[in-house]
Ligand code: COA
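Given as structure tokens, the chain that follows is alone and in the form predicted alone.
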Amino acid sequence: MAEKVVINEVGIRDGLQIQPKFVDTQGKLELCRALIDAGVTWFEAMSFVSPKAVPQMANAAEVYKGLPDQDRINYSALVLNEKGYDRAIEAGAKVVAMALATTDKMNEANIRMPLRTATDVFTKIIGRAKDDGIGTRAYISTALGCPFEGDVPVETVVDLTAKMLDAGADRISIADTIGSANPAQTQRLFATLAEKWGAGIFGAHLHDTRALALTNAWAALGEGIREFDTSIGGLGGCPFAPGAAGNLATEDLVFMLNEAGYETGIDVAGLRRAVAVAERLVGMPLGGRITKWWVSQERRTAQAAAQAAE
């Protein structure tokens, strides 16, 4: 039996958050449904943050309440403070995620507080969530490089991981927020974490800034990581992290994993249709590195059909 790999789709949240064209509630839900039709069952659906800071998330509550198939699809919501947690719970979130950066400067840019304060705030949120029966995921962002402070020691990531697990976090996602990692670096970090806590509690969130996201995913896969964040069409980038480009494209990782014999449960042709929906919503061409191959195959199919009809 093929090993299962979980694909956690973040396009509706992380992918859209930096887009200048506002996507309304129905548009976001349409994209969600297209992804579900392709077989996606895990989503980071919305973030409950200030609409002044991230206008694209102004309709977070409306979108969350309208998410389809909530009895069988795994949805989570990103929260960055207790007010965000309260809003997410009111909207019906059953799992919340938090993004704790590894440096003071990145935390101040992203959530307006230094690292120590952010650690305390997220510890408190995790405690509240445990009491409320809410699942928790802690992101260690800028784990493989910070746009403001440069290289991040492995020991820093280990220390913050330990603090979030001690607080009661259910899962830890390691984020290459600006896409600065290389495969050897990725392998070393996940090997260290897996040796200490086991690979099963970790996920990976990778950006494709330097065209290394797929190879970094393969390096993490080799260390036992079986959960990855991806974004349809490669949408995304953090508005508060200079240099952060799009996320690892869902279609690229799913194609690679399916070809390599892993089980994702996701149909690549269905993702192609979801990319078309996303393109229409944001008003720009999208697509991962597999897009040119897709187009060439479609052209060949059309040419063969035309020749057969002659």
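From 1 onward, residues are counted along the sequence shown. Remember, predicted model here, so these are calculated numbers, not experimental data.
Another form exists, predicted in complex with coenzyme A; not displayed. Remarks below refer to it.
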| field | is_contact(Ile125, coenzyme A) in the model of the complex, heavy atom dist at most 4.5 Å | value | no
| Partner contact for Arg171 in the model of the complex: coenzyme A, 4.5 angstroms, heavy atom | no
| Partner contact for Arg87 in the model of the complex: coenzyme A, 4.5 angstroms, heavy atom | yes
| message | Given that coenzyme A is not shown alongside this chain, does Phe48 nevertheless sit within 4.5 Å of it in the model of the complex, heavy atom to heavy atom? | response | yes
| in the model of the complex, segment of 154-162, 72-80, 127-135, 220-228 with a heavy atom within 4.5 Å of coenzyme A | 72-80
| task | Please pick, from Ala276, Ala269, Ala260, Ala53, the one residue with any non-hydrogen atom lying within 4.5 angstroms of coenzyme A in the model of the complex. | result | Ala53
| remark: Interface check vs coenzyme A in the model of the complex: of Arg112, Arg188, Arg116, Lys196, the one with a heavy atom inside 4.5 Å is Arg112
| message | Can you list, in sequence order, the residues from 145-159 that come within 4.5 Å of coenzyme A in the model of the complex, counting heavy atoms only? | response | none
